[in-house]
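Presented as structure tokens, the chain that follows is alone, the form predicted alone.
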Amino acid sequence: MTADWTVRGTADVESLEIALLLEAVYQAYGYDFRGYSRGSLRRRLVRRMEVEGLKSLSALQECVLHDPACMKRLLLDLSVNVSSMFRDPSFYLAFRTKVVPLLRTYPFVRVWNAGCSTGEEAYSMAILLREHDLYDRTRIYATDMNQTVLDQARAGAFPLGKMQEYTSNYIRAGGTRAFSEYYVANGRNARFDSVLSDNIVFAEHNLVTDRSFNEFHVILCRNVMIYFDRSLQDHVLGLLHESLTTLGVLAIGLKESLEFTSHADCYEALDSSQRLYRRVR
């Protein structure tokens, strides 16, 4: 009998290549993207393959395994570093009215900004808390799995060309001062007042593979889980729940939801339209 060695369809081969590549990344570098939504993941992998001048995802796997610089470039693609200051201004308005009064009841406030990317959200929260006289008794832990973007976040410098957009966001988010008071122009960048980073700890943490490291009164994990499949979302929600004090506040992205998850009953809505929830059990 002659074996049939006909290769299956291109889509099947590509799916296998993606699975093998993700397993290689996990085994060699410890970054686990195996539970990420495959549609978005595939687009980013193919883009990196093309930019590297490679002809297949298998070739990208070989490049990643033998060239750490290629892995660093791929990590920047896969970690989805899209952020802006006071993104979704209505969220910050809701935070000012629904969450700030709760935080005033604590002698010290711990905030976890999970998946902080290049730091825009962490600085936005620092500004908001400062305007409500809470920042001096707050510690913000801003974490991301990508050390490169964390280095950018620590620098506290953002493109000067973005300041018009950020100023508009800030005003619509209920800002009480002139936004320009918080930064100085430095070449092509706007460098934010170092006072804003005094109470921010930037640290490497991977939501997929790392454990809880403290107990928090507020956790911001916005627009991170939209890239995860259902199983990984549930895993991350478990980590966040473990890390949140009872009656603490969880904020997720406007396109994310707690509905139909195993942790839905653990929260009550402070503002469901802005995805602000309070842990009740």
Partner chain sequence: MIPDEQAGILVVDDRPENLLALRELLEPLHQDVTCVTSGDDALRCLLNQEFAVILLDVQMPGMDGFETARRIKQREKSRYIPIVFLTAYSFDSHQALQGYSAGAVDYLVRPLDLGIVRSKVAVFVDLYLERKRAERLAAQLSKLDVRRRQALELNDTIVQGLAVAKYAFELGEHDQARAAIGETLEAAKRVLGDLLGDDRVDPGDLVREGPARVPTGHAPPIPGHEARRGR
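Positions refer to the first chain, counted from 1. Everything quoted here is computed from the prediction, not taken from an experiment.
Form predicted in complex with the partner chain: not shown, discussed below.
Trainee: Arg211, Lys72, Arg177, Arg137: which sits within 4.5 Å of the partner chain in the model of the complex by any heavy atom?
Mentor: Looking at Arg211, Lys72, Arg177, Arg137 one by one, just Arg177 meets the 4.5 Å heavy-atom criterion.
Trainee: Taking 4.5 Å between heavy atoms as the contact cutoff, choose which of Asn189, Asn206, Asn199, Thr167 touches the partner chain in the model of the complex.
Mentor: So the residue touching the partner chain in the model of the complex, by this definition, is Thr167.
Trainee: Arg172 near the partner chain in the model of the complex, any heavy atom under 4.5 Å?
Mentor: Yes, Arg172 sits close enough to the partner chain in the model of the complex that at least one of its heavy atoms falls within 4.5 Å.
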